[in-house]
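As a starting point, one isolated chain is supplied in structure tokens, in the form predicted alone.
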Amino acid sequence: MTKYKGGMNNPLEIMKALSDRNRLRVAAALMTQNELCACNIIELLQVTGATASRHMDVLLRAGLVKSRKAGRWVHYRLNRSAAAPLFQWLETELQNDLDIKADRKTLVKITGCKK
């Protein structure tokens, strides 16, 4: 059995990260956007900043997302190279999910961007 030290090479960390509905929603949202500001994620999920931060930390530790800081804002984007086949599968599986469809409409309002 192969031992992993964590991060994007650990399949268990990746699966755990996506096993939470809100983190799955964030991943799905990031599949349609180049990046999202932490404030967009808070608004999308309707959670506190601390809760959103914990969710994003799990996704970061799993290697599924990358972040960059711009002043006081943190922006997140998918780390597509970490699990490209997984993201392709998720896009197919989630295309008819009613919550994900609703999130995509909400993202248009939040970001002002149609994708």
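The model shown is predicted, which means the values in this text are computed figures rather than measured ones. Start at 1 and count along the sequence shown; that's the residue number.
The discussion below concerns the form predicted in complex with a further copy of the same chain, not included here.
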{"item": "is_contact(Leu86, a further copy of the same chain) in the predicted bound form, heavy atom dist at most 4.5 Å", "value": "yes"}
{"item": "Leu18: touches a further copy of the same chain in the predicted bound form, heavy atom cutoff 4.5 angstroms", "value": "yes"}
{"item": "a further copy of the same chain contact at Met31 in the predicted bound form, heavy atom, 4.5 Å", "value": "no"}
{"item": "4.5 Å heavy atom contact, Ala27 and a further copy of the same chain in the predicted bound form", "value": "no"}
{"item": "Candidate from Ile42, Val58, Leu90, Val74 lying within 4.5 Å of a further copy of the same chain in the predicted bound form - any heavy atom", "value": "Leu90"}
{"item": "Segment that reaches a further copy of the same chain in the predicted bound form - one of 44-52, 78-86, 65-73, 31-39, heavy atoms within 4.5 Å", "value": "78-86"}
{"item": "Stretch 47-80 - residues with a heavy atom within 4.5 Å of a further copy of the same chain in the predicted bound form", "value": "none"}
